[in-house]
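Let's start with one chain on its own, the form predicted on its own, as structure tokens.
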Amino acid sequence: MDIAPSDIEDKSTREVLDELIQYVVTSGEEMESKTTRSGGQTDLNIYLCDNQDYDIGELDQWVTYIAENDGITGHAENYVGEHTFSEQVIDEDISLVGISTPAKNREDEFVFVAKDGYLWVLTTVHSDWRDKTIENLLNYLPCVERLYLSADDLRELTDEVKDARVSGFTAKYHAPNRERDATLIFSGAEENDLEDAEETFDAKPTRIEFDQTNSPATAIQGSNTNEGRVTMRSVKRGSEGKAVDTIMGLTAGYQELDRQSFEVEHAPVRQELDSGFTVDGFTAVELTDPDREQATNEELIADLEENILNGNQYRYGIRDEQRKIRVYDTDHDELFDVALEPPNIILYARESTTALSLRSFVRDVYDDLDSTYSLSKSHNPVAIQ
């Protein structure tokens, strides 16, 4: 990506997207000759992050925080030591960020956009270098976290793309009671292939590719993942406006679905009384109906300890005769409770809990424990009695 500050100065989010879309605009002939979405061609990627405390222009102070924090891991320390960072503020909501890798004599560019409580990161950098640069930075920044969608929400979001059909996908199956995991990758998928994969293998989509028509030929090739990334693979010349509309629709839908799943709308509030205290409000994220036999509390605790709680991120204590785990998330400095109703897992927010720690734990469950859980959220201004 070779973008000048003047290219995005005094522009709206939509105008910035239109500027970056130009990197993937192609002719009809070039689009028709394209037979695969892999390889080293340029994609426009938009990373969507929950922004709890990052203001445009603060990159240097956050990198310093990572470098000087005694609690950071060796990986983060190495990452900061092996790269240099710059941020050029374009206006109060937009900046141009550079991440240099001196050992490889290269610098990669990213556009940061702060919007409605979210941080968008836009780039055309190839995936090999996105992994080494921006994805690591977003992983180590404690104040932001990539959004996350369950498989059902990812399907719902993709189904709402106008004039589009599923043209490929990656779907995964992972469960502790089976001897194998499975990853299915389909390119050139036909109608119902994704449904067949779900019905036959119980595989859950983590990335869905779509082809979108524009009167009437295929004009836009895109994809979205369950880990907060929307991609524009190619856009036929003349369809730039429709491509921007698609991105704006996907990002708005992504943010709304993530809010519905993880936002703590009613945190518990303790009120002291003369005769004791009351607690009002609750928010619970429920993981239910996995593809597994009934487990005991002891077995479910053992699964969680082996697959999730054994890392550096969590400190925990088992309570109430092994019916509840109180968890401290060291990455986000938050407490929450995990109620065990085998095989179901219910996360209850406490006073300090935000979407950051709830989302992070749920992502770990899907990635490391069992991808077949269904997700729902319940909340009420009055606590459960």
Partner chain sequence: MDEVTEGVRQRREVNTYNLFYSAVTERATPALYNHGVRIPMFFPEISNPRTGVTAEPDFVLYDGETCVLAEIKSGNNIDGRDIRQMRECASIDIEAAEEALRAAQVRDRIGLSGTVTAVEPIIIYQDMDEEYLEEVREESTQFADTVDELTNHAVLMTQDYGGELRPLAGEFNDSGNLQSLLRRGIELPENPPDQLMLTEGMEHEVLAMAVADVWGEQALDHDDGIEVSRTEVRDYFAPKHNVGLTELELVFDFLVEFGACEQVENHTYRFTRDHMDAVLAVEQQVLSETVQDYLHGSEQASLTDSFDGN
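Remember, predicted model here, so these are calculated numbers, not experimental data. Residue numbers count along the first chain shown, from 1.
Not pictured, yet referred to below: the form predicted in complex with the partner chain.
This chain is displayed without the partner chain, yet in the predicted complex the stretch 371-379 from 371-379, 6-14, 358-366, 20-28 comes within 4.5 Å of it by heavy atoms.
Although the partner is absent from this view, Pro268 contacts the partner chain in the predicted complex, with a non-hydrogen atom inside 4.5 angstroms. The closest heavy atom approach of Glu341 to the partner chain in the predicted complex falls within 4.5 Å. Interface residue remark: Arg259 is not counted as part of the site for the partner chain in the predicted complex, having no heavy atom within 4.5 Å. Within 4.5 Å of some heavy atom of the partner chain in the predicted complex lies at least one heavy atom of Gly281. Proximity to the partner chain in the predicted complex, defined as a heavy atom within 4.5 Å, singles out one entry of Leu59, Ile318, Ile46, Cys49, which is Ile318. For the marked spot (Ser275, Glu286 and Asp333), a heavy atom within 4.5 Å of the partner chain in the predicted complex is present in each of the three residues.
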